[in-house]
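Two forms, one protein chain; structure tokens for each follow separately as structure 1 and structure 2.
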Structure 1
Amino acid sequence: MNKVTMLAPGVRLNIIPSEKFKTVLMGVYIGRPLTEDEASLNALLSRVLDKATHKLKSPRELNQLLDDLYGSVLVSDVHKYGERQMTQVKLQMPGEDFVHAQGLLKEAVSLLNDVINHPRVIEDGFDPSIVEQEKRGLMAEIRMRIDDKASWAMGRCIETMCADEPYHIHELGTLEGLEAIDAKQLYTHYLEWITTSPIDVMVIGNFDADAMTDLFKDMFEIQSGDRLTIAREEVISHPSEVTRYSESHDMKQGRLALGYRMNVPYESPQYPAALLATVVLGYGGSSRLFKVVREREGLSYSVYARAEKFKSVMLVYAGVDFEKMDQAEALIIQEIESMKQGNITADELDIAKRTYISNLDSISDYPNSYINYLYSQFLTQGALDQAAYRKEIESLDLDAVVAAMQHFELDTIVQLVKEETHAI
């Protein structure tokens, strides 16, 4: 039985006991509005936090303690949830009963508290050597983004489609933003971040819920401050015309990305049907795009569609020979329009439902995917009962899917082309 406790205004503890896992996973989700000014700061902060504390003054000392805690794993990173930039600090360890180590959970909560609330500080700043090392690593990661052409095309589509909206900002920030950050500036930002950010603590595993709640009440420190209320994203948009963008690269295969405004908020009763539509269209080898664009017409090497829950956009990607780019684009648009007119077979709908439900069921097999799913549900006030949600998906019919798709509107088309090819 899930247990939710408010530790303080804007700080929520979500306890999810489960006998399914032999591990305990603690996740702290700390949210900020996605902005140009903060994106690089938050990204770098997420990389610095899990490297040292006031007690454990180096990554080596921290890793030694994790080894002593039966091989516990500590990870800190940053993700984009719609127009929120979310720092996630997670600590996973064996359940006490499985390693016969009473007090392990207490040590784990103490470590997690130190990582978040008592980082290593030198002269009013983070450890400069750690900051510089993590800055170099993060900058290298940003530079490498361009090497994954599929991801790059999708990113360019988002940046173009949402150019005037916070959603265009990448969660890792920018090279220019990172270059300007020093250890003292980052620590100054941290002090505001820790006192004003809304925080969700998620704990999942085999443990006593009341005892775990008491541990966090007693040991997890809440820094005083007025917690931000992060505004809900604007998700309804009706483009007056389709925006086109082309970019040339030295590569052997073209990349095509189409951005659609779904215009179905996650709060809407139509959202499950809209998401099911994206599964029919472009998820897996049984999807419409795979069978028509790739297998029947041979126009792409890979093709798929994905939806972004928080922003209500759908992205369609295809890896295509350069000379077939326009043909593939036209066929993808044609198939989406055909589905909007109701041309979806009973077999397509049934396969998509089974795929959707199978993916939903598999989420709960792994602590990390399950805790992220539950956090997303908490954040969007969605249903936590997976059995009830499965029944809702099973009950969706053709009319519901077609009705949801009427809101879909093509917004942006991006082509990555050969360097000598003229822009579209």
Structure 2
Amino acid sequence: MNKVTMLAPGVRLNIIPSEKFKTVLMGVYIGRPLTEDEASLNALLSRVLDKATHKLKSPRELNQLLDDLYGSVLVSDVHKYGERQMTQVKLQMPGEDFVHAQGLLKEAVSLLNDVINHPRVIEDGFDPSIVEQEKRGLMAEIRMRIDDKASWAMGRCIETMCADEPYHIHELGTLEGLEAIDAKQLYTHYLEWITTSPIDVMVIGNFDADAMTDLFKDMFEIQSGDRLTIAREEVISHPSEVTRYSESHDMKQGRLALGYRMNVPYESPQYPAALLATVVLGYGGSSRLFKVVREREGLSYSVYARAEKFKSVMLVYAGVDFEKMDQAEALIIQEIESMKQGNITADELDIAKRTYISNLDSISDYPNSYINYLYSQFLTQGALDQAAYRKEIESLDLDAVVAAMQHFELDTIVQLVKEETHAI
């Protein structure tokens, strides 16, 4: 059984024993509101933390310790959950008895604690050389976002659609924001971050729940402070007209992204039906878009829809020949309109339900996805009764799905088109 312990107000420990795995995975989730002021600071902080500690003075020393811990993997990064910017620090190690090494677990928890609570500090700041390196690295990563055309198209769509809402902010921050940060300023932010952010710790693996709880109570330090409550996102929006945005790129294939406001918050009883509608539309090889846009019309190799739970937006993506962008766009809009009018077959609905339920049933097969999933539930409605939720999905009918879809409104269309080359 999963065991939840409050380590301090705003700090939860979730222990998930599972005999299935040969590894132990520990994840620390530290949340902040997504704001222009903090985005770059939090992003850079996540990159600086896993490079050195008060004991391990350089990335090389830290990496050598990870090798000695039988190839344990330490990852620290920022993610966007609606209008929250979430730092995730994760450590995965092989189970002690598989590598016949007692004491491995303790060493790993101690390392995780040091990374979060005892970073390397020089004169009231982080190590300036590490900060500079990570700054350069992060800025390069931001500049390289444009190389992945699919995610660039969807990113542009979000930035355009939510231009006046925090949701448009990218989790990696901005070039200007990063440029302005120095080692001392980042450390000042860290002190605020470590004392005021809500924290969730999730641990999954083959172990005794009580022993693991005690180990974390003993070894994982909590700094005292009042922890923030992060505000719920605004999710209802009725665009007066569709916004269009187009950009030209030197590339071989056009990219299309359509942004919809779902206008169904996850608290709504209609939310499961709205989510199921997005599965019918664009998840997997028997989805409407795959069947029509790819299989019937041969317009696209990659075409899908995905929903974002916290902000209730749906993005539709397709990679299409330049000459057929308008045709594909019209076809996608037409299919969504047709579904809204009730044109969904019993088979389509049934397949979507099975797909959704099968994903639900098997999510505990993957340690990382499972703790992320449980964490996202903690953020929204608290722990969910899996069996009841499964039943609820099973009971959804055509009317429920069509009713939920009535709230969907097309907000923004982004086209990435071919760059015209001009002779000079």
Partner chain sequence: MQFDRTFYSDYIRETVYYKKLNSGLDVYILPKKSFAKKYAFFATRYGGLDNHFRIEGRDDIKMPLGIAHFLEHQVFEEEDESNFERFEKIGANVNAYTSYGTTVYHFDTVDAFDDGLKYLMDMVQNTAISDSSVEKEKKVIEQEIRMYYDEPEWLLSSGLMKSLYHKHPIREDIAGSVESVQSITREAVLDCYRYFYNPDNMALFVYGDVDSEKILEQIDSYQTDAFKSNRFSPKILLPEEPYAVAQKRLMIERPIGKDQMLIGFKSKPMDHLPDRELRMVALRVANDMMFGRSSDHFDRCYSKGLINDGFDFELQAQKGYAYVLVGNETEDVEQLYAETIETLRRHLKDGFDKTAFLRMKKKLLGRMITSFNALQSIANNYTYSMMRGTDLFEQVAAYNTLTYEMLHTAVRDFYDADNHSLSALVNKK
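No experiment lies behind these values; they were computed from the predicted model shown. Counting starts at 1 and follows the sequence of structure 1. Basically, rigid core = biggest C-alpha set you can superpose within 1.5 Å across the two forms.
- In this comparison the chain labelled structure 2 is the form predicted together with its partner chain, and the other chain is not.
- Once both forms are fitted on their rigid core, the CA atom of Arg354 lies 2 Å or more apart between structures 1 and 2.
- In the core-superposed comparison between structures 1 and 2, the C-alpha atom of Ser300 has shifted by at least 2 angstroms.
- The two forms, fitted on the rigid core, differ between structures 1 and 2 by 2 Å or more at the CA of Ala101.
- Look at Ile393: with the core superposed, its C-alpha moves 2.7 Å between structures 1 and 2.
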